[in-house]
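In the block that follows, a single chain appears as structure tokens, in the form predicted on its own.
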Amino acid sequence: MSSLLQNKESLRVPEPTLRRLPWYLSNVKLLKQKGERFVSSTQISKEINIDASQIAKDLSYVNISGRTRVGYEIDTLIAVLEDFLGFTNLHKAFLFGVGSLGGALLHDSGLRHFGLEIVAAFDVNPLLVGSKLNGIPIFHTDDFPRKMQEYDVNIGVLTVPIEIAQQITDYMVEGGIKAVWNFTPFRIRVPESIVVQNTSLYAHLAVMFNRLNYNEIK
């Protein structure tokens, strides 16, 4: 392995850590609203039930250090976490499939606070094409290649029916999309260079139902 590749791998943050960091950020923001100025990993641990040593280890990936017996300065911790997680830079995205879930995401203006702006959507429904939802234009799917020339976009949000999930994914990748946020229960296939984040509501439901049944049996 080359030294450049080794350095790159050493900078790679474990996915579980990346999943936990937004929890810390939300918790610290709540503490700020309560007037707190400093916070320790022990305080965060008590709020979100994650071991303090794990929190300290996760925060070691972030360029910030706490003060002995005082902890982290809250304003600095918020700023550093938001920058580290990419929430301070606005990433533009296209959404494919303006059904009930796609429409809900278009209405979710809060995504901008976490660095994602859906600038346009695509569908084949003639009742939707040419309209706007929450101010976001909806184009025909066939217009995607042309719109890629007009917008500075590299993220695709996938909320299409499962039977066309792979087809639309291939279409997005061929058109220049570099990352796919997949909300379908279909495990899409992409080249290694494409980033995929699967967020299947149905999978999470399955886990919740299973745990619920287990607890009821006990």
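Residue numbers here begin at 1 and follow the sequence given. Treat the numbers as computed from the prediction; the structure is a model and nothing was measured. Between two forms, the rigid core is the largest collection of C-alphas that superpose within 1.5 Å.
The same protein has a further form, the form predicted together with another copy of the chain, not shown here; the description that follows concerns it.
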query	finding
Interface stretch in the predicted complex with another copy of the chain - options 108-116, 141-149, 72-80, 121-129, non-hydrogen atom within 4.5 Å	108-116
Listed residue (Lys57, Arg67, Lys46, Arg37) with a non-hydrogen atom within 4.5 angstroms of another copy of the chain in the predicted complex	Lys46
Heavy atom of Trp181 within 4.5 Å of another copy of the chain in the predicted complex	yes
Proximity of Ile136 to another copy of the chain in the predicted complex, heavy atoms at 4.5 Å	no
Residue contact check: Thr42 to another copy of the chain in the predicted complex, 4.5 Å heavy atom	no
In the predicted complex, Ala52 touching another copy of the chain (heavy atom, 4.5 Å)	no
Heavy atom contacts to another copy of the chain in the predicted complex at 4.5 Å, residues of 78-94 in sequence order	Leu85, Gly86, Phe87, His91
Cα displacement of Ser200 between this form and the one not shown reaching 2 Å, rigid core superposed	no
